[in-house]
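The chain below stands alone, shown as structure tokens; this is the form predicted on its own.
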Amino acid sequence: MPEYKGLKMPAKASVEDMRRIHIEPVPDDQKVEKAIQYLDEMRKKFRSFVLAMESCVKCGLCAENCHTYLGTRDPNNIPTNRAELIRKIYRRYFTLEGRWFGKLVGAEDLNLDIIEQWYSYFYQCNECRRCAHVCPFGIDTCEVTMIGRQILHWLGIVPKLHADVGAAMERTGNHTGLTKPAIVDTLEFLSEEIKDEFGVDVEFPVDKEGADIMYVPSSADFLLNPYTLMGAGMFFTYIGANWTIPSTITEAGNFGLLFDQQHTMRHNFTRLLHAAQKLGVKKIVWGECGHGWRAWKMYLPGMADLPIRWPITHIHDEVAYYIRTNQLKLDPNKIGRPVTLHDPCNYVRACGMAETLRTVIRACVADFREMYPNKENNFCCGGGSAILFDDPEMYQLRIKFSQKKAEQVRATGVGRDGNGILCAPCSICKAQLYPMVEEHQLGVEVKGLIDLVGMALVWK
């Protein structure tokens, strides 16, 4: 893992990597000047950012509510201290007292060392927003991280992981670089798997014009989470839906929310709406991805380049509706294992989905055990905002970030006999938790919520 004067940081994208996402990195001798310019633009554009810069009283309530600090005990991972890395620069250049009294009031001149600190610590923040949930002033430190990452992007400083994903999204419409032939081939294979395991005929239509529903899965479901995609196909088949998967955007995730809202998010939104228009669908249904769902739900209306003529719902809401209206028969005894639920941060703290998740899971399993705290108070898995770096030292940080989640899972007792299920209804949460349950020896298997739906369905 690259280090800069002892700082832990993910591998950086190269100049060529950045050019693939249309950014020409700023030369070092211009970085400080450009960073101040970008910071000025952000403070003029976002009042919430100014609130975060000027209202924090350092009460410290966020410290014990932040899993990254609890896992690392690094003072710079206390949310208010992480924000202070940019706040002291804001104070120096954009407040009267900072310009007059400098370090006496906690203001500092910007330099390259501080920019490297931004890169290190803004990519140790999972953007889970638990700090905002407990802040007595409602300061959303996640927004500070988002703005810090955006400035770093404009400077040409981005993790290689994020830059590669952004380039793949532009090239193929998904994060993993899947082409249409690979998509079709994988879906045909999954149809065969469903027939062999469940005895049900399920077809996965691709680019079907005139379909009622356009389903947008996570591309990870083609590679790492096949039972999530299988469960979705079984659900749509069960309800008799006229549905399709668009080959041009097989991606529920949206890395634009994680490093460059202005470019990648617009690109993703453009693909989404153009696919819906081309196929002539009536509704868009979103797959299991927390940050992706927050992006579409919260940001799409203000950034779309086409009128939004289609209702956009989440597959969890669709399933919950059919459960509540008694149109979906599920047998919870088919899953004879104890199950606990991880509440993805973006679902419960940003999109109000806590009860929807429980409507579905209680209908699917007989032995459901809540972890505590839960719902809006739940702790992040430690992988949020795509902190999924595999270089050894960053991977060790991921283990530390997941320590609080491991304690929560262990306390439920679901893994005591090595036969439990940890339900993680989000693609990035799954990617984080697959290795983490092994590292912490939790005795559980990670599955998505739609996986459980497919397993519990009672066919007519």
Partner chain sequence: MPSINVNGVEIEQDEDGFIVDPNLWNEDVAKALAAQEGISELTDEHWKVVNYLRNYYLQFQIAPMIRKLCKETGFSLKKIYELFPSGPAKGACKVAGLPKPTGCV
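Numbering follows the first chain given and starts at 1. Just so we're clear, the structure is a prediction, and the values are computed from it rather than from any experiment.
Omitted here: the form predicted together with its partner chain. The next part is about that form.
- When you look in the predicted complex, the only residue of Glu376, Glu203, Asp212, Glu197 with a non-hydrogen atom within 4.5 Å of its partner chain is Glu197.
- For the options Glu370, Glu170, Glu97, Asp185, the one in contact with its partner chain in the predicted complex, meaning a heavy atom within 4.5 Å, is Asp185.
- Of the candidate stretches 315-323, 159-167, 334-342, 275-283, only 159-167 contains residues with a heavy atom within 4.5 Å of its partner chain in the predicted complex.
- Proximity of Trp296 to its partner chain in the predicted complex: non-hydrogen atoms within 4.5 Å are absent; the residue sits far from the partner.
- Its partner chain in the predicted complex comes within 4.5 Å of a heavy atom belonging to Pro181.
- Under a 4.5 angstroms non-hydrogen atom cutoff, its partner chain in the predicted complex lacks Glu127 among its neighbouring residues.
- When contacts are judged by a 4.5 Å heavy atom cut-off, Val414 does not count as touching its partner chain in the predicted complex.
- Taking a 4.5 Å heavy atom cutoff to its partner chain in the predicted complex, the contacting residues in 383-402 are Leu388, Asp390.
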